[in-house]
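Here's a solo chain for you in structure tokens, the form predicted alone.
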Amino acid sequence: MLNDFNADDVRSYINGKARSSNSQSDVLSPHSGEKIAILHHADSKLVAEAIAVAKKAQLEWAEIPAVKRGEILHAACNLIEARAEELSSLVALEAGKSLQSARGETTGAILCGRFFAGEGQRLFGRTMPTGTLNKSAMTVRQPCGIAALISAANTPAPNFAWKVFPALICGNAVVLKPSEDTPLSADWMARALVEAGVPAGVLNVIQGLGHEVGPLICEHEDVDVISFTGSTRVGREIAERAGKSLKKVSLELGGKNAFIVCDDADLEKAVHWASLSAFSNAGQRCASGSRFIVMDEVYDKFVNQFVAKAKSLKMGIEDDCDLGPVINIRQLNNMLSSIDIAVKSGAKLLCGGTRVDGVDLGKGYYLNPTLIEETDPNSSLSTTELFGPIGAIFRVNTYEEAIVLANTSPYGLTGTIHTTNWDRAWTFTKRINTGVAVVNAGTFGSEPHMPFGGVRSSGNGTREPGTEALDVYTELKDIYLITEPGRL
């Protein structure tokens, strides 16, 4: 294990040291409901200390050449890779995943980290011509300063890498607030980066409850940029708070992503991807598919196969399982309530809709894979992100109806279409009002070198990761040089 890391007692990590606090709570296993660690809740003093430490450390970190910063981050990735089993075990434990799935997420975090480490060699500005004699013009990238990063629980290791690595390569110091449901992996990864050479104080982790410490971090006068991944409701609150001081903000929010099945689709492939979109990772992706829009000609056949597939899925945290639990009991109860309201309002429950019972999984936060039809497209279940293994199915007659219904949503994150018609596919990619459009696959599948984000209630127009993340964590400065050749 890394130096001083304690998986049973999770504390804030400030200036390279663990900091205790009086207020504490239990971290519970989503799989069993049992206590797996104690979480220390940071208070306003610890938040202020972390930001002060980061502010002091940032200036020296920014002076290190970007290429050298990249070498340090490459070393961190090598360390994580060498100890990947440690990290994967933590992710599996705190997020309720199979070890196989957790290993995949660890690999994803390493790939993301290495991509951004390489960007230290490519923090490009531009040189541009001017209309003035003897004048040169260029732009350079400079760090924002202090980056406050607030990450989600669904894929904790990649979420850490997605935010921390680009913020650091750009020369910022970081104050990270991980989800209180998955604090262990963030603590471990921060220590790994410091052990690999990131200076103490450049990377600090504030542990605790989001509603308590989140506002303290976001409203602090010395925070220069905020990056948040999570619910649209909280994203709006952060934007409002940050707007008072005109802080730079990147918001990657929720989705209610459409999955269109045309009458010429390969149904076997469509069902395969529909199941993965709706149920893999227990539906806990902002890019999960949750609205399935199916043309009438293939509706019954697709739905029958989709329901059969959902009923065949194995639940648990073994490597041969298809999905695990949702992250906490509050989320589970919210999903059950939404399903109940929809059914009482006239929707038809095709499968699932209940908490898993029994000796093996009954104490965990497991929801049976759920499919519902005949729900109102404007109902809460159809328009609110539930972040669980729940899919609503809609029947349409034409391609045009499918496109209109797909765009009838407050969200605009991802969308996919299944068709063998090139014209339909290409037209879909242009007309779907989302940040991501997919043809003949799932609604998810972002890669570290590609920009990810949405429109409307799914985000505020920024994109992370990809090179576009550099625009979040740097400021552009114009430089003009005037020469006088006559003085040569």
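Note that the structure is predicted; figures quoted are calculated from it, not measured. Numbering starts at 1 and follows the sequence shown.
Omitted from view is the form predicted together with a small molecule, to which the following refers.
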Original post:
Where, among 265-273, 245-253, 187-195, 134-142, do residues come within 4.5 Å of the small molecule in the predicted complex by heavy atom distance?
Top reply: 245-253
**OP:** Spell out, yes or no, whether the shortest heavy atom distance between Trp162 and the small molecule in the predicted complex is within 4.5 Å.
**Re:** yes
Original post:
Is Ile110 a contact residue for the small molecule in the predicted complex, using a 4.5 Å heavy atom cut-off?
Top reply: no
Original post:
Is the gap between Lys97 and the small molecule in the predicted complex 4.5 Å or less for some heavy atom pair?
Top reply: no
**OP:** Answer with yes or no whether Val234 is in contact with the small molecule in the predicted complex, where contact means some heavy atom within 4.5 Å.
**Re:** yes
Original post:
Considering the small molecule in the predicted complex, which of Ser151, Thr370, Ser88, Ser277 comes within 4.5 Å of it through any heavy atom?
Top reply: Ser151
Subject >> Position in contact with the small molecule when the complex is considered in the predicted complex, options Pro199, Gly210, Gly316, Gly125, heavy atoms within 4.5 Å >> reply: Gly210
**OP:** Give a yes or no on whether every one of Lys177, Phe228 and Ile238 sits within 4.5 angstroms of the small molecule in the predicted complex by heavy atom.
**Re:** yes
